[in-house]
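Read on for two forms of one protein chain; each stands alone as C-alpha cells, with the labels structure 1 and structure 2.
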Structure 1
C-alpha cells in the first residue's frame, strides 16, 4: 500500500532542512497525556526519548529512508533502538543516522546530532548507536556530552499484569513524544530466547514508536516496543512517500517510499540489550574474519512453512514434549511448531490468532523481524498464562501475506488416544543402554532414540521415519507389538558411518504424527559426548593471519589493544547452527548464533576482540556451543584479571530542576544560564579562568524560565552555582549541597534587573 503524506511530512522535512535552529509547531502543539505516579519521572523519560531518522545522501541533501524512536541510555550519547530502521539493508538502505531531541516536551523533536552504529544484533532487532557528530557533521568528543538518560533494568523481574509505560514518537516527526500506560498480558517464547523472548502489552501504539521504551513503575527501561515494516518492494508492504527524492518537482510514486508498520503491542525485553550495552561501555569490538565462503542455507526464494503442529510444552533442547490435537480445560501452556525455509533477517513475520473466529491479541505476535536461520524448526508459544476454552486458529504471515494455518480446540476432555512422549537421542552400549546429552551426538555408525509410549493398542499401525538434511533416509511401517505403556528404543545405523549434519525422527500412530525431534551428529566420540572444537586457545598476534601460528597465551598485559581466539574443528556439517559467547568476569557481552560456513573439518578459525584504548583488565572467556550443549570454554586474563569496580553501574543521585523568574513581574525569564561548578572549584576560580573542565553541568532556561540539569547529581557534594542573564544581576554561591530529605529538588529562583 503506497501513500503520499504531503501535510504530515512537512514538519519532518523542515526539520531535516533547518536542523536545530527550528522549533516548528511549538506554539501550536497541544500537551500529550501522561500518567501520574510518584516513582515514574516521566519528564526525564521524555527528555531521554529520541526520534531516529535514517537517511541517504543525494547531492547536497538527505533523503529519508526509515524512521523510528530510540532511548538515551548513557550520559555520553548511547542510544538504544531497533536495528531494522538503522542498519542499512533492502528495506532501509540509508547510510546516515540522525538523532532528534525533544527540546520542548509539547513540540516536535529537533534534529541535533548524527550517530553511528556501535553494536547490533539483527536477530534480536536491537542496535546501539553512539552520538558522534553535530547535525552539521562536525565531530563531537564523547566526553563533552551531558545528555539526559534512563536506567536499563533487568527485565526478568517483570511479571504478568505489571503496569508498564510505553514511550516514543507517534508520528513521522511532526508530533511530540507520547507516553501510554498498560499492563503486561503475556510472554511469548521462541527458540534460544527462553520463556520471555517477547512481552505483550494490553495497549497498541503507533509503529513509529518502535525502538522506543517500555518502563516499569520505577521509571526503569525494561523493554523496547518493536515492530517491523515490510520491504516496500514486496506485495504485503505499506509505505509513505515523504519527499521529492528524484527532484522532479513532484511527490509521487516515482519517489522513495519509506516503509511503515502497523500498531505495536510486542516488546523485546531489555535483558537482550544488556550484552550490547556492556560491549559498548567496554569499548570492545568483535571481529570475525570473512573467509569468502557463501552464507550457507541463504534464502533463495519466497518464505515457506510446513508441518504445523502443537505441543503443550518444550523440553530443554527446544523440541516438543508431545504432539497434541487438543488441550484440556484449565491449560496454561501451548506452543505452535513449524518448519520454515527461505527466511532471512529482513523477513517480517507475524502470528495471527483467533479464538472462535474473533482476533485474539493476547496470543498473537505482531509483525517483527525474523530471528532464526534460513531453514529449520521453529516454535512460538506461551506458558504460565491461562488459555480460555475455544476453537483456536493460528496463521503464520510472512511479509504481510498469510501463509499457513493450524487449528486446535481448548477445553476438550483428557486425550485417551495412543501417545508418544518426546524423543531423547544417544549412543547405545552393548547392553542396550542409551547415554549421551540427548540431542548432539558424535559421528559414528549408529544413533539411538528412546521414547515413552502410553495407551497403545495391539496391532495399531505405527511408523518411524528418519531424515538427514531434510531428505528421508529410512522408514519402517508395521503393527504395534509392544505393550500398552512403557519405554522403547529404536536405532538408525550405517556400516560405513553416518554423516555429520542435521537429522530428524518422526513417529506416526495410525497415520497421525505422534512425536518428532531433531538431533545433530558432529565431532568425534569422547565417550558418549562429541568432541567438535579442539585446541581452543587465546593468542597474541598483530593480525588474524599471524594468529594462526602464534603460540597460545592465557595472560595479556594491561592496555593490550587486541587479543585473538583460535580453534580447530572436526565433523561439523556446513549449515549446522553454532553459538559463540564472549564473557568478561562471567558477564556476557556478545552472543552470536549462525550456520557453520566452513568445511566439515579444518584448522584455524580466528575471532578477535579489540579496543584502541586498550582492553579493560578482566578475565575473558569464550564459550562455543551447539544448541543448548556447551562444548568448549577457554579463559585468559588481561592485566590483573578483574574489571574495575562496577564498570556497568548506572549513575545515581538526584535530578535538579526549577524555574527562574523576574522578581518584579514573577514571569519566567528565557535564556538564563544556570552553571553548576564541580566541588574542586569556587565561583571565583571559574570567573578567573572560564575553564569548561570546571563545569559539572549547564542548563539554559526556556521561554517560561524552566530549566533542568541533564545529569544526576550527588548528595552532600558541595557544588558552586553561578546564575547569569543579560540585564539581570547574577547570583553566585559556593558550597551548594543537595539533601536527600528535600526530594524532589524543584527550585524557584528570582532575579533582579541590574
Structure 2
C-alpha cells in the first residue's frame, strides 16, 4: 500500500513547492492575487474582527439591545471589546452576547457564536469575552475552536505621529469590516493610568467601531477605539429603534432604543487589556470578599464637578505641581483638575475643548465611561505635545449634559506673580526635618507639608487651609514674612492625635488658590513610614473562613485549585482607596482599586484565587498599595514556580490557506485533508504510523475547496505535507519552508482523480 501510494504520487512531488505566490497542482501553477507583502496583515486583522451584539430575551426571541465591534485575541475564542456594550446595565440591559464573524471580508458579518464575559472592567470600558456556545446555544467543547486572532502588543511603545490603523464595523451589521489609517496626535493622562490613559487618532470613525482594534504598522493590536453612548433614558442620549421589541406590531418609542454614540477618535491603549487577557488565559478567578465596596462606589445622585483648575504638571502621586491661570508660549503639558462626586462606572463623561471658540479635537476627550471612584480629585491632561497659543475653554460633560467650564490662556508670557508649588507631606522630627514617602503618612499627632515659593513679596496675604474628609479643620491667614523664594514647612497637629483618613491642603496667595494636594493618614508609625498591612501571607485552605487559621505557606503543589491570601490591617479609614494587584511571574493579571470598607483596624482580610482545572504553575505575588505607594508584597510558588509556555499564544508566523480543486472540473473538492507534518518527520515516517503527534495541523476543505491552517506556522521550518482524499491521487512533499516576506500564503492545488 505504502509503495503504491508513493509511486502514484511521485509524479506530482516536484510540483509541490511553497513560497510567495506559489501554487500546488498536477496541472496549472497559477499565482494567487491575494498575497500581500505589507507587514500589516490586514486580511488577518479583518478576519479577527468581530461584530458584537448584546441581546435580551423576549418570549421566544432575542431583541438587540446594544452592539459594537470586537477583536479575536486567541485561537480558542477570546474576544477583546468594550465593556459598555456587553456588560448588562442600564444602557445595555441584554444578557445574551452574539458574535458575528467576517466570513467574507467584503460582506456583512454573519452571526456564528454566543459568548460569555470572562473578565471586565467597567471603568476602563474593557471586556474579554469567551466564545462558548454555538449560535443555537449549544456548548462548544473546550479547545475545539481554532479562530484567526491578532497579537496584543505593548501599547507603551506607541509614539506621537505613529501610524495606526483603526478596524471595526462601521454600521449596524449592514456593512463589512472597515479599516481606516491615521496617526497618533496626542496622549491623554488620567489618574492611575500614567501619561497614556488614552490615545487620540487623527481620524474619526463611526461609533459602532467602538470595541474594535487599533493596530501599529506591524499589525499588532495596540489599542481599542472607544466611545460610550449615553444611557437612552437620559436627556443627553441618542439611540435608534431597530425592532418591534414588544411585539405590538409597531416600531415606536415603546420599543427598545439601542444607544449610539458619535464619532470616535479616542483609543484605550492595549496595556490596560493585558491583565484581563492574562487572567482569562490562565483561567484564574479572583474571589474578593463581598464587603460592600461596590455599594460605597455607587453614585447616589447626579454627577457634580467643582474646583476646576489647571496645572502644568502632575507628580507621581497624581497631585498638581501648582495652580495656574495661564501658560507661557511653547508649553507642552497641561492638566485640568477637578473634584467630582456622584460618579459611577456607568457615567459617560466627556471633555470638550475649544481654542479661540473653535472645537479642538486634539485635546478633547470623546464620551467615555468613568474610570474613577464615586468622589474625589481627578485630572485630564496631556504632556509632550506642543500646545498652540490661544484662549482655551474646557467643558466637562456628564451623560451628554455640559456641567462645568474652565478657561485658560496659552501664550501670555511668563507669570511673574507670587507662586506656590510642589507640596509634599511628611513627618517632622525634632529638628524640623520632614521625612516620609510624600503622600501616605502614619497616624500620629502631626503632619507636615513642604512647598516651594517663588516671586513672593513681603506682606502679601497668604492662607493655608487644611481639610479632613472634605471638612475644613484648620485655617491660618497672615501676611508673608519669609523670603522671595525658597521652601517652607508648615504643620498641622492635634494633641489628641489626627484621625486616619483623607486630608487636603490648600494654599492661597492673596485670595487665589496657588497650590493644593491631598494626602492620607493610615497605619502605625514605623519611623516616618506607615505600617498599614501586616502579617500578609498565603495559606492553603478549603474556605475563606478556614484560611484565617491556616498556617502560612509559600509553596503549593502543581494543580492546586485554589489558594488564599490573608492579611491584617491597622488605622485604615473606611473610604480610603486601596489597591490590590496580583501578578504571576511578575506579570500583572489583576488590579482592583476600591474604597476600604472594613473597620479601621482588624484581622483576617482574605482574598482567594482559583481555577477549577488547577492554578497554572508560577510565582504568584500580591501587592497592596495606597495611592501610588506599595505597602506590601508577598510571594508564593505553585508547582515549579514558572508559567508554562503556550505554543499558540502568538499569532506571529505565516498563515497558510488555499483552495483544492478537481483538475478536470476546476471545482473545489469538499472534505480533502491537508495534513501538515511537523519538522521532525517526513511523509514516509508519517505514512508508517499515521500518528496525530506527528501532525502540526490538519485542515479540511469546505464546500468550495477552501482550507486554512488554524495556527501560524514558523518561519524557516521544514514541514512536510500530505494531501489525501478518497478517489483522488494523493500529493505529498517533504522539506519546504515558509518565507517571512510572504504573508499570507494562498495556494491553489489541483487533485487528479485516480
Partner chain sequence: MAAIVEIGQQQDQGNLRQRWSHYFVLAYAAVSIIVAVNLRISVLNETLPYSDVETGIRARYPVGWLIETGEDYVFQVRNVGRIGYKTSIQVSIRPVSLNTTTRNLLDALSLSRAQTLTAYRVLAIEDGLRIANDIPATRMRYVFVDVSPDATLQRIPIVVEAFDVIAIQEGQAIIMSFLADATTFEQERPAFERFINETDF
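Just so it is clear, the model here is predicted, and its values are computed rather than measured. Positions refer to the first chain, counted from 1. We call the rigid core the largest set of C-alpha positions that still match within 1.5 Å between the two forms.
Asks: Identify which of the two structures, 1 or 2, is the form predicted alone.
Replies: Structure 1.
Asks: Does residue 62 show a Cα shift reaching 2 Å between structure 1 and structure 2 after rigid-core superposition?
Replies: Comparing the forms between structure 1 and structure 2, which are aligned on their rigid core, residue 62 does not shift its C-alpha by 2 Å or more.
Asks: Please check if residue 45 moves between structure 1 and structure 2, taking a CA shift of 2 Å or more relative to the superposed core as movement.
Replies: It does not, since the residue 45 C-alpha is displaced less than 2 Å between structure 1 and structure 2 after the core fit.
Asks: Once the core is aligned, please say if the CA of residue 252 is shifted by at least 2 angstroms between structure 1 and structure 2.
Replies: No; residue 252 is a residue whose C-alpha shifts by less than 2 Å between structure 1 and structure 2 when the cores are overlaid.
Asks: Taking the rigid core as fixed, quantify in angstrom how much the C-alpha of residue 665 shifts between structure 1 and structure 2.
Replies: Its alpha carbon moves by 7.7 Å.
Asks: Can you read me the CA shift for residue 703 between structure 1 and structure 2, rigid core superposed, in Å?
Replies: In the core superposition between structure 1 and structure 2, the C-alpha of residue 703 moves 9.1 Å.
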